[in-house]
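Each of the two blocks below gives one form of the same protein chain as structure tokens; they are labelled structure 1 and structure 2.
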Structure 1
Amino acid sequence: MRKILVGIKRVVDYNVRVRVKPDGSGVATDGVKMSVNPFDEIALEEALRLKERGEAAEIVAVSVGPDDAQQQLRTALAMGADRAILVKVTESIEPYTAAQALLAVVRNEKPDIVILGKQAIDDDAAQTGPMLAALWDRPQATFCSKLEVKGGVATIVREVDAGLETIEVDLPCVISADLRLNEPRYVKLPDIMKAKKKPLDVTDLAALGVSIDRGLATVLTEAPKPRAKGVIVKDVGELVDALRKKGLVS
């Protein structure tokens, strides 16, 4: 029976408007609400549904992140993951290093399917899925909005710029979840209690034989340039006049 590995990243909650630190060293995260990356929740939900349909036996949630990412892994366990693994890192890493860490976990766990979010809403990089697939030398199906698994093959509908693309990949494979793949379930209180007893292993990069790649460094973080304040027009006539003045409509 299939085993599914799901990536869980701890990120600043999507409702928080992040602020850049005045010294340009990053964004302020102290006291800010942290959550599971929304795309990772969708990834996990899809894995849970495969399991509920009898198409998967075990779901392992994996996070590469700080010690506190155990909170997000507990959320994943409460949603229904069977066990969790934290690969602890104490500094910020690029997706390339995260992909290497996940590869090391994949080599140990030998999953049939890895489902990750298509991007994390902090760095917005959208790299980890394809990078893991490349390092693993396996197929990737990014921006997945529909997934069907039969035997050793997965059929994926992908949300691409032109519309919807369908591809077929051999297992094992890496899938990255898009927004419309599903709507994640809410966690219920009894599940949170139950999740406390589920296994959560903590390891680190060194134990997995992965070293941090420092080929790309962030040297400055700035606030974006604000847009100039606009005007409120009182009616359609004023709006059209203003647009004509700017030469935007004839």
Structure 2
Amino acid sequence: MRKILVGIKRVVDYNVRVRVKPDGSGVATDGVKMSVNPFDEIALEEALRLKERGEAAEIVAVSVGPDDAQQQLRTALAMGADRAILVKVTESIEPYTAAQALLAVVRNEKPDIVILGKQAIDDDAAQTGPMLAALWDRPQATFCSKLEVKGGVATIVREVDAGLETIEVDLPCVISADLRLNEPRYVKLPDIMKAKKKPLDVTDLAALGVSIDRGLATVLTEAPKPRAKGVIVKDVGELVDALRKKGLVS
């Protein structure tokens, strides 16, 4: 296996409390800490482990996002990716456009495996990986919690509703990483310094022959309504009466 391509998305850090803009037009990001999507970190960690076992020669990190996403790509390079590619966009895009952009990169790079996080924590769409596999006309394995590669076949253990499912897919393929696949490594300062010298190429959608295709329109963004204060009841009868008043039981 020669090359693994890993998708990296810039998102609001998972430790940050997300706030909605006063006009309801979206989420406030000014002055907010941004990080690599946690599931993408897991995807990159798995690619690094495959390389360390001698099962890959090169790891390419790819992001489709604003110019500031170079910061997250540098983090990926510090973790151990060999080089990075930024497909620069100046506005938010939907998973289909992201998949088209990744497909264009895939056709140029010709990787053996594309590993993405199973979903991004900003939109929770979980659509980019399956869309890329469909556009690329290659097999996919989603929600991967264990991965082994031997020859031209990848064996994946998937987390499904009924438990665990083991499947085999031929390479090249698309894999999406689940939470329990691994624990990403800690980035050290020397690695951050070395990452500054690693190649990071910047292109855009036009150069890749991709146009933004919008199928959805965001009408309004609202914060979740605060939970009502709990009530302590003396016994089951009082509980039933309270539920009946709320129309929850008849």
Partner chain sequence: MSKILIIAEHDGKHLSAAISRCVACARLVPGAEITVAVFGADPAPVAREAAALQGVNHVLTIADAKHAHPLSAVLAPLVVELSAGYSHVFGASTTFGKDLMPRVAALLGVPQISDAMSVESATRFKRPIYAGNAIITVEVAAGRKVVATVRTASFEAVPGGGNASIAAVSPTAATPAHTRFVALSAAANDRPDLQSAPRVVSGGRALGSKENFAIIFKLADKLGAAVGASRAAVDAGYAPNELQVGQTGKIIAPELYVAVGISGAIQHLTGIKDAKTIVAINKDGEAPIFEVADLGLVGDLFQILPELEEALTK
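Think of the rigid core as the biggest set of C-alphas that the two forms share within 1.5 Å after superposition. Here, residue number means position along structure 1's sequence, counting from 1. Values in this document were obtained by computation on a predicted structure and should not be read as measured data.
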Of these two forms of the chain, identify the one that is the form predicted alone. 2
Using the core for the fit, does the CA position of Arg19 change by 2 Å or more between structures 1 and 2? no
Ala228: after superposing the rigid core, is there a C-alpha shift of 2 Å or more between structures 1 and 2? no
In Å, how far apart are the CA positions of Glu238 between structures 1 and 2 with the rigid core superposed? 11.2
